[in-house]
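We begin with a single chain expressed as structure tokens, specifically the form predicted on its own.
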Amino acid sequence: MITDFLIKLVPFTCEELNDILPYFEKENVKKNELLIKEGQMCSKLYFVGQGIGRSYYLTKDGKDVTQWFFGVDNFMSSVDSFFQQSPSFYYLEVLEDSVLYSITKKNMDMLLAKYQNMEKFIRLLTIETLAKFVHKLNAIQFQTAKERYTYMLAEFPDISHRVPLGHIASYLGITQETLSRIRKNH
């Protein structure tokens, strides 16, 4: 899985892949496990091989707001915390029993220094991730709740059967009541 994802973006050689892949450690993670808490340093970048996760934050009044979902064949991290080694603004949580492949910051930096293709991969992954965040921001700013829901289903087709509705509503920036009405009429 991770091999397919890597070579989808960059034509790594077999030799490069044989050296890179062992740095990704397979982790079986249980449902509802927190990978990182707000204020902690994110020391790993995770690739989701199976399952689903999310990043979220808590408002001052303790409300849980989902920032992003991470499905199969996607990287999951508190990106700014991982790459800048700064405290995370977010919690990272696994929502199902999952199989993740993690790489440490130290090993990622070593691979980035060693392989030009790894640098290219991270650059292209960053551009792809940034585009997804911009699309989400645009959806929240310019689309109706129904349009945002449709957009989310295009991005995460089976999410409504796998994730609590409260997480979906907070991700979309709407109430659960509004989400229920949209789902009923969708």
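From 1 onward, residues are counted along the sequence shown. Small disclaimer: the values here were computed from a predicted structure and weren't measured.
This next part talks about the form predicted together with the DNA, which is not shown.
- Not one of Thr3, Pro11 and Pro22 is positioned with any heavy atom within 4.5 Å of the DNA in the predicted bound form.
- This chain appears without its partner; in the predicted bound form, the one residue of Leu125, Met152, Ala145, Val65 with a heavy atom within 4.5 Å of the DNA is Ala145.
- Although the partner is absent from this view, Leu17 stays clear of the DNA in the predicted bound form, with no non-hydrogen atom inside 4.5 angstroms.
- Segments offered: 40 to 48, 117 to 125, 132 to 140, 157 to 165. Contacting the DNA in the predicted bound form at heavy atom distances within 4.5 Å is 157 to 165.
- Using a 4.5 Å cut-off on any heavy atom, the residues of 154 to 176 that reach the DNA in the predicted bound form are, in sequence order, Pro164, Leu165, Gly166, Gly173, Ile174, Thr175, Gln176.
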